[in-house]
Ligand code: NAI
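Only one chain is included here, represented as structure tokens and corresponding to the form predicted on its own.
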Amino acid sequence: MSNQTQNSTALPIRNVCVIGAGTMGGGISAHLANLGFDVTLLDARLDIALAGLERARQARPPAFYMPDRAAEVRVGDTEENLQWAAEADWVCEAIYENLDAKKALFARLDPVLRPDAMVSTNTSGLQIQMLAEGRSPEFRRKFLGTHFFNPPRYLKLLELIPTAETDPSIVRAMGEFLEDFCGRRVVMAKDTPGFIANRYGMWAMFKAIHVAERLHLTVEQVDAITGVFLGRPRSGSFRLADIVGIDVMRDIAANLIERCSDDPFVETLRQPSSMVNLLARGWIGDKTGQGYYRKEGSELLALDLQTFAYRQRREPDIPSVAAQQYLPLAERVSGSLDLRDEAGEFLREYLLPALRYANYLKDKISYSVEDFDNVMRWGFGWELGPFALIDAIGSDRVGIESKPFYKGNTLLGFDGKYHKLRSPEKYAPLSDYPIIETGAYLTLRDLGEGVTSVGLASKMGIIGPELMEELAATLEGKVQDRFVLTSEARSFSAGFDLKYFANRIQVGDYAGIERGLEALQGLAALLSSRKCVAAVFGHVLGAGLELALGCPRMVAAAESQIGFPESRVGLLPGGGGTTQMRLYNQHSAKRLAEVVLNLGLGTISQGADHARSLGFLRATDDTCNHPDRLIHDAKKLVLSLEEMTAPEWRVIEGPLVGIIDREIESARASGAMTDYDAVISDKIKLIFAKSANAEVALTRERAEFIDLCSKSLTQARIRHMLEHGKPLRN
């Protein structure tokens, strides 16, 4: 069980029973198991429950941090094992969307639940109040909607929907619990059809398809406009429809049409002709392998909306999109609305009505425009919610009369007055903290309480000699204690600048390469002597990982991709990484052999827990399971940091060389490792097995790195990576 859950002061929830093993139930079970809860998964029959758990185990992208976590989920059926719900601190119902079926289940659960147990429904649109009808007063007092988003591991939004009878203190406590211990960003929604996300988000999805058909645009053109260009995920509109499922869209829309007859805009939720056609053919999206797109091998074919045949995907040629793609979002949108091309026409017909619809709905379905915006940001991945976007382009451009919705740190309420924005510090992104100093490659920020952030400011956190010089000067001068090493980029660090090594190799400057490696090793040693914590996220690779491991402690975002991929370019970790891996995995010869294999293959983890299993994170390093609390958690950790002793180099008992040789030979025989991978692995083996201490190991790894630089196969790998962006398996 995670320490976070054990230390909960909101609700003492440890044991969770999820009922319903479909896509959502399985995903919720996996997410909670990832976080260390004791999870039970029930369905009507045991075989259905087992199949649901297996589907979650094999899900792509993965639902579990580690596949073996699935074995920790207890599985049963509601006929034989309903009493297991009596053991639960929280029962989360996630069966299929049918009012009568859910009510029948709650009738069976009501007498079984403990008086102090929470109970919720994961419905995406049924009225919560109706589901509670007929239940005991105690059941109704603690019953609410907990609308997770799919997939739960990756989408942080949760809509929390109380009824008029839910105890307000329970609503507050449940909201705190979900945010603090379940990695959620909670938005309170009114108990109206579809809540906020489906009521508005689904309408916006349908609107895009209707407009595309009316303007005779291609699916690629619309996805180019409504994807990154509009500050939204790359999936755009049609690809998103395939991911959600066209049948799911149909069902949600039908429910909204039936329940929202007084909404003058509800007709938009009628099926566009392309959806009617796809549904008739059973082409409902990713579940059937085809919808608006069809995947054939590694290629994605696009549906021609005129001929209804699949064809090669065409890169959309919209000059205005290409010309404005690097401008700020508000400028992109404002500029496009005036254009007489495909982008301008589509945005006038789609975006402006969508923003006006949000304004119409706002007080009917949400408690504030900030809540409304947050649902679209956290649940749909929009850079700006509709009201922030209205402010950005001007309400007059949209065609509504309104004062700015956001003004400074205040928010326009539905009462017409401005109210202070809620800004919990624990969710503050790095960019919210005041800048102390901006250098060429580093940005220093004041995190408060005497803690400084030292942020890598190069593209993708790429490390080079100039950044290392600036970092060394900073650590020896301006910042010496209680700091967080992190990054201002989209990832912590993609590693050392490969072009630097290519250029040094080309002119034969191997002494220069060694000086760079010595500087990197020296930085890691300097960091190890300070009270500092590395806050890492995204890519944490090569030299970036060497610096992070130099810090006494690390906090890694759960979805971080961590590793030493040097072998992919014919090298080994030479800035201290090989020695660090030896020091932090020396508890057994078998473990060291596994690490040699991971380094030789250039393995990169798929998440922090996976990185820990590979040996790339230490037992003392933390995982941050909340996507928005990395800086908060790192600051909290650095404030509590005491002096830490670096591990001593240990002599390994047993035939370490022989064990490693067997692992290498097995990997070669299976085809996982090439002959040259094996050469690199042999060098790592000798550093691990033949070094008397860490100083010797550091010297050896520099020497072996430089020796590899002189090899033609390494040089071919480096050239291929720089030219093609992918490794050469020579």
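The model shown is predicted, which means the values in this text are computed figures rather than measured ones. Residue positions are given as counts along the sequence shown, with the first one as 1.
The same protein also exists as the form predicted in complex with the named molecule; that form is not shown, yet it is the one meant from here on.
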item: Heavy atom within 4.5 Å of the named molecule in the predicted complex - residue from Phe229, Phe148, Tyr433, Phe177; value: Phe148
item: Sole residue of Leu708, Val16, Ile718, Met24 within 4.5 Å of the named molecule in the predicted complex, by heavy atom; value: Met24
item: Contact segment among 60-68, 657-665, 690-698, 38-46, judged by heavy atoms lying within 4.5 Å of the named molecule in the predicted complex; value: 38-46
item: Partner contact for Tyr96 in the predicted complex: the named molecule, 4.5 angstroms, heavy atom; value: yes
item: Any non-hydrogen atom of Thr443 within 4.5 angstroms of the named molecule in the predicted complex; value: no
item: Contact flag, Lys142 vs the named molecule in the predicted complex, heavy atom cut 4.5 Å; value: no
item: 4.5 angstroms heavy atom contact with the named molecule in the predicted complex for Lys102; value: yes
item: Stretch 109-147: residues contacting the named molecule in the predicted complex, 4.5 Å heavy atom cut-off; value: Asn122, Thr123, Ser124, His147
